[in-house]
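As structure tokens, one chain now follows by itself in the form predicted on its own.
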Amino acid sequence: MSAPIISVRNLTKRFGEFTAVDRLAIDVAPGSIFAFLGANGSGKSTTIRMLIGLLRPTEGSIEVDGVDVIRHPRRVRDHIGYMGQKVSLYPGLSLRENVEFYAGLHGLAGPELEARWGALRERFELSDAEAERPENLPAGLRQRAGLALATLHRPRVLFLDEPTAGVDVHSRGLFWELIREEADAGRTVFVTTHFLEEVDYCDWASFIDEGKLIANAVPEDLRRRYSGGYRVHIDGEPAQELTTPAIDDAFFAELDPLLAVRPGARVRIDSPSMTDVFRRVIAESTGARRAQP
């Protein structure tokens, strides 16, 4: 099993007497898409700022791609790409001029820059936007440009903070296709999103509430634990409905005899929504806190 590319232990951040992040511990597998979720004010943004070296923790340790982020906050920036909720493209400059500016920060120029940007420009469908200023671009196109620039220097880890906020459904789907391509190419993606259905694009999900980690598992395991299970509708005479905690071999063993006596019956499987899962995770966490003396 590969060592984690992001490893966080006992991560704590206090602002005076307020604890924004409380003894957080997470591991992120290389090449995975890791969803980091929580309500507004839960500590998500504070955590990301610590992970990328912009904010020094009160306690704990952070290692990203072999770099001790607390001791070497500047060094880690060569290993990561970052895209915030508002894409950091400079207004007044064309997209191409933004590319040259960001490339200069990483020492990219000449033929190497042309080769890298040429490939990204084609892959992200940005050729027609190259001469445009970012403020004149549609939101979806601006987000694609931001992701392209975040990957220009070929970082090993991408941090994306609500990357699909404010874009239409079609653009969100295309954006997630690009994120999956990045992960398939071996890049690790650490992403926050307030569209909880997007968790299904991810390999792992962690929930944070009031600075504490309250759930940490693959999406399907979270569904098993924090929902009533999948609802399976079998059309036929008479119609029948099943509830199952998981779509696995045991489920199909139960389903096969029912379909055998209903040849041609249609089966519809309703998956528990991740929004409902999130609500239950928060409710259980709140209940546990209230039960504490």
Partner chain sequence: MSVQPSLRLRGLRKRFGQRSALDGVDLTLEGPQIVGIVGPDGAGKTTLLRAIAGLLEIAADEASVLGFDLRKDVRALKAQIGYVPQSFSLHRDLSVYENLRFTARLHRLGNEEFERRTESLLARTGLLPFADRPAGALSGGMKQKLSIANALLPEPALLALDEPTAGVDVMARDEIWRILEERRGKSLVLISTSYLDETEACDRLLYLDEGRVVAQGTPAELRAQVPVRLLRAWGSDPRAIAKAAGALPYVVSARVRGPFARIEIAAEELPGEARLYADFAGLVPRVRLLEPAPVDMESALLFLSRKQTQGTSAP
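Numbering follows the first chain given and starts at 1. Please read these numbers as outputs of a predicted model, since none were measured by experiment.
The same protein also exists as the form predicted together with its partner chain; that form is not shown, yet it is the one meant from here on.
Asks: So its partner chain isn't shown here. In the model of the complex, which residue out of Arg123, Arg180, Lys212, Arg116 has a non-hydrogen atom within 4.5 Å of it?
Replies: Looking at the other structure, the residue within range turns out to be Arg180.
Asks: At 4.5 Å between heavy atoms, is Arg156 in contact with its partner chain in the model of the complex?
Replies: No - in the model of the complex, heavy atoms of Arg156 and its partner chain never come within 4.5 Å of each other.
Asks: Is there a heavy atom of Asp128 lying 4.5 Å or less from a heavy atom of its partner chain in the model of the complex?
Replies: Close contact is absent here: in the model of the complex, Asp128 is far from its partner chain, nothing within 4.5 Å, heavy atoms only.
Asks: At 4.5 Å between heavy atoms, is Thr19 in contact with its partner chain in the model of the complex?
Replies: Judged by the heavy-atom cut-off of 4.5 Å, Thr19 is well away from its partner chain in the model of the complex.
Asks: Does its partner chain come within 4.5 Å of any heavy atom of Leu24 in the model of the complex?
Replies: Although its partner chain is absent here, Leu24 would stay clear of it in the model of the complex, with no heavy atoms inside 4.5 Å.
Asks: Counting heavy atoms only and using a 4.5 Å cut-off, do Ser171, Tyr201 and Glu220 all touch its partner chain in the model of the complex?
Replies: Yes: each residue has a heavy atom within 4.5 Å of the partner.
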